[in-house]
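So this first bit is one chain, no partners, the form predicted alone, shown in C-alpha cells.
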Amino acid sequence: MDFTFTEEQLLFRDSTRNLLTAEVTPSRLRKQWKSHGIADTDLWEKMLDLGIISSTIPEELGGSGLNSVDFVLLAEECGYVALAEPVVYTALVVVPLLCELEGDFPRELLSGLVKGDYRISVACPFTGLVEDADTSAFVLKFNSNKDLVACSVTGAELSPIRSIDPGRRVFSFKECEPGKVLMKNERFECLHELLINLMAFANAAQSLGLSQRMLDLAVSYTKDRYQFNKPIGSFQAVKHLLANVAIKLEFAKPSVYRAAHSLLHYAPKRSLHVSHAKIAACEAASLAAKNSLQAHGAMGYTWEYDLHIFIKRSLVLSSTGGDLGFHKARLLDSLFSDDYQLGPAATFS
C-alpha cells in the first residue's frame, strides 16, 4: 500500500501546523489552566475560519469533504501542540458518526457545525463521560434503549470530573429530557463499534504528534545540556534512549495510516486495524514519555518545564477510547484463530 500523501494534503497540514505552533503555545495552555478550564473561543474561531473544524463535513453541506486519510496529518499536528479544544473529536468522531445517519436532523446538525452556530460533543461509549460538554449545544450518546440520541445541553446536569490533564474539561452528563432519536437500536452494534473505532483512531493519531513533540523536546535539551564539557546528547546511552523512541514512532505511523484507510473504505478488518493503531501509537507515546523524562533528569519533573504537558495528555489518550487492554483483547481474538494471516504483507495488503 502506498502511504505517500498528496501535495494538497501536505499543504493543508503545513498551514495547520503554522497556525497551531503560533497560537497553541505552552504559555497559552498554562493560562487556560489558570482560568479553570474556560474554553478558548478565540482559538476555536480561528480554526473555524481556516476550515479545519468543518473540513470533514461533506461539500454539499458547506464543508471541505475531507476524509480520515486527509485529516490524520492534521490530527497529528493537534497532538503535537497538545491542543485542548475538541477539534479532532469534532472532525474525526462527531462528523463521521452523523454522516452515517439518515434524516434531516443529522444534516441540520452538520450544517450548524459548518456555520459555527454551536458545538457538538459525544459521550464516551465506555464511561459515559463527555468532554467539553459545557461549550456544546448537543451531546450524542446511546440511551438506555440503545438508541443513538442527540441531547440538548440546555438544562442538563453537568458535573466536572477532575483529570490528570488540566487542559481537559470532562463532565458527567445527565439530560433533563429525553434526547431526539437519531437512530433506533436496530443499528446499535454497528454504531457502537463505529464510535469506539473513531475515538480510538482519533487518539492514536494525536498520540503520534505527542510522541514527536516529546522526542523533539528531549533532543533539544540534550543538545544544550553539557556534562564533562560535552552535550549529554553525544553520550551513547542517551542516544540509544531517544533512538528507541524514534524507531517505535516510525513503526507506529504506518499502522495509524492503515487504520485511516480502513475506516475510509469500510475494510472488513477495520476494527482490528484501529486497535493495532491505538496500541502501537500509545505505546510509542508511553516510551517517548518515559525516555524523554529520563533524558531530562530532574529538570523533567518540574512544573515549570513543559514536558509534563505532553506526558499528561498522552496518558489521557491512552486510557480513553478503549484502554490498551481492551484493544489487545480485540486483537487476540483474531490473532489466535486458525485462519488469521500474520505479517506486514497481510496487514498492509
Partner chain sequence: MDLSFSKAELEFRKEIRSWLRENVPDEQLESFDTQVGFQQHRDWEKTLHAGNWGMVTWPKEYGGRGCSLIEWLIFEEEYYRAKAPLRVNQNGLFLLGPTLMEFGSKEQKERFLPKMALGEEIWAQGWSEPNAGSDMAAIRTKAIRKGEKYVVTGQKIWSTRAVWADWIFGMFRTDPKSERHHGLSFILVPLNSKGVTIRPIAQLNGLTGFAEVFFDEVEVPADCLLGEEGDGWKVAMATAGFERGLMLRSPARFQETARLLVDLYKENKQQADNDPSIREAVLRAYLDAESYCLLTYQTASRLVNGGHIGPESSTNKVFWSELDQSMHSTALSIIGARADLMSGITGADLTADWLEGWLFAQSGPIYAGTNEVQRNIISERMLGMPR
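Positions refer to the first chain, counted from 1. None of these values were measured; they are calculated from a predicted model.
Same protein, other form: the form predicted in complex with the partner chain, not shown, and the subject of what follows.
Peer 1: Tell me which stretch of 109-117, 191-199, 126-134, 209-217 has a heavy atom within 4.5 angstroms of the partner chain in the model of the complex.
Peer 2: Result of the contact check: 126-134.
Peer 1: Quick one: 298, 308 and 323 and the partner chain in the model of the complex, is every residue within 4.5 Å by at least one heavy atom?
Peer 2: Looking in the model of the complex, the three residues 298, 308 and 323 all sit within 4.5 Å of the partner chain (heavy atoms).
Peer 1: Using heavy atoms and a 4.5 Å limit, would one call residue 59 a contact residue for the partner chain in the model of the complex?
Peer 2: Flag for residue 59 set to no.
Peer 1: Given that the partner chain is not shown alongside this chain, does residue 32 nevertheless sit within 4.5 Å of it in the model of the complex, heavy atom to heavy atom?
Peer 2: Close contact is absent here: in the model of the complex, residue 32 is far from the partner chain, nothing within 4.5 Å, heavy atoms only.
Peer 1: Even though the partner isn't displayed, in the model of the complex is residue 329 close enough to the partner chain, meaning a heavy atom within 4.5 Å?
Peer 2: Yes, residue 329 is a contact residue.
Peer 1: Considering non-hydrogen atoms and a 4.5 Å limit, does the partner chain approach residue 228 in the model of the complex?
Peer 2: Yes, contact at 4.5 Å.
Peer 1: Of these, 272, 182, 73, 241, which has a heavy atom no more than 4.5 Å from the partner chain in the model of the complex?
Peer 2: That would be 241.
Peer 1: So the partner chain isn't shown here. In the model of the complex, which residue out of 39, 43, 69, 316 has a non-hydrogen atom within 4.5 Å of it?
Peer 2: The option sitting close enough to the partner is 316.
Peer 1: Could you list the residues in 273-304 that come within 4.5 Å of the partner chain in the model of the complex, counting only heavy atoms and keeping sequence order?
Peer 2: Counting only heavy atoms within 4.5 Å of the partner chain in the model of the complex, the contacting residues of 273-304 are 290, 293, 294, 297, 298, 299, 300, 301, 302, 303, 304.
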